[in-house]
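First come two forms of one protein chain, each written alone as structure tokens, so that there is a structure 1 and a structure 2.
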Structure 1
């Protein structure tokens, strides 16, 4: 009996941490979303679904949600297009520089968000490196609006989320036996065809994992849109924090957060199903 029970002691601390600091607080948010909005206080006694109704009745919030999903989708696509070749190079490459390149891919994860955003401000601002150079070279008259808009958010999000696309794809490609590609070539497939018909389909699980990770992280990102988007462009996550922290609308903010989470989860689930079907058909 004690021999069977002993391993459970290993998971007990983690279970406690996750229950107390994650499960219960999240449950609390769900409860909060159906509480009555308060006046001057965070919430009032009683229960209501009005917080959800308020969200769906207001075109402003719906448009913002649409924008957030759009930014998430574009960021995901950008990460995939930019990241796949790098993942391929890292997975198949060797040599002295491989460690360095791997390190570079990890840098966005290792450098704090404030510093990264600060760097983007220096680069993308109206007075930033890019605009000043372009104006200096006479290519443009007035600075391009690269920051404080959706474009800036997408650039910065793509930057920080690229590792989450590259690493799973790299893992998937590393798991493909190089002999399969050679086998395809021996059967008469050209380099491109072998790549397209063998490597790409077999790396689909990595692509799927990468896309899901990037999309989820992109639509729920708070700091990057808050710092790069400025006051004009707000994503849903920024609005949630505004409602909760700045205007003390705890029930409404919680409801918004849940809606964002459920819709994000739904998109991910749909995507996972769609891509799995494609994967099955290819087999």
Structure 2
């Protein structure tokens, strides 16, 4: 009995932490999402599914949800396109330059997300560094609309979340045996073919992990969309906070948070299944 109980005792601390800080809060969100909305109070006695019906019956919230998923998908794609070459250089590089590049990738994580988002407002504003430079050089006549739209949010989120794409891909590439690529080259494959047929398929687990991390963080981001998007572009996470704090509508805000979590989780599961099947076929 002692041998059987030993693994359970080892798991018990982690299970308690997950229960207190993950399962109970999620259970509370589920309960709150079916409570009656209150008038001047967080909720009223009784239970209802009207909070979910209110969300799906309003085209504004549906458009907002679609916009959130679109911003998350484009941000993920941008991070993948920019991050994969960087991860390849970090994984294959050597010497002092590798350490410098690694430090450059990690440095943004040492700065708070609020500060980084405010930095992008200085760069992207109508009177910001980018627009003032382009106007001063005579390349444009009027400032470009780089803020208070989806483009500005995607640019800022790409910068904020890029390390979360680079690090998993770098780890996956480091785990690839260089002899496999050399074997492909010795069998007549060119450098590009060997990279496309050997390195990329074997790095799919890192790509999958990085894309899931970036997508989940992008659709749930609050600070960056709130600062860059302002009142013109509201994502689902911003609306959830507005409903909970500004409008004091806890049941409706909980319903929106639950809908975002379920739909986002479905997208992640579909992507994970598709990439896993692709990886299995490549193997």
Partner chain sequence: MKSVRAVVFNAYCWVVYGFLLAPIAVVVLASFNSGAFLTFPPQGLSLRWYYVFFDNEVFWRAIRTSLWVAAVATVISGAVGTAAAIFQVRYAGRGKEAVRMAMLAPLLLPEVLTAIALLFFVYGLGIGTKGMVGLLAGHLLVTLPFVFMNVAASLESFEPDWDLAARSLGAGRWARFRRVMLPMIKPGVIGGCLFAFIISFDTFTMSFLLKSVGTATLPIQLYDYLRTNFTPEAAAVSSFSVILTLVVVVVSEKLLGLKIRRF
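Numbering follows the first chain given and starts at 1. For clarity, every value in this text was computed on a predicted model and none was experimentally measured. Between two forms, the rigid core is the largest collection of C-alphas that superpose within 1.5 Å.
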Item to complete: Name the structure that matches the description of the form predicted in complex with the partner chain.
Response: 1
Discussion item. Does residue 13 shift between structure 1 and structure 2 by 2 angstroms or more at the C-alpha, the core having been superposed?
Written reply: yes
Worksheet entry | Large Cα move at residue 269 between structure 1 and structure 2, threshold 2 Å, rigid core | no
Worksheet item: Aligning on the rigid core, what is the distance the CA of residue 22 moves between structure 1 and structure 2, in angstrom?
Response: 3.2
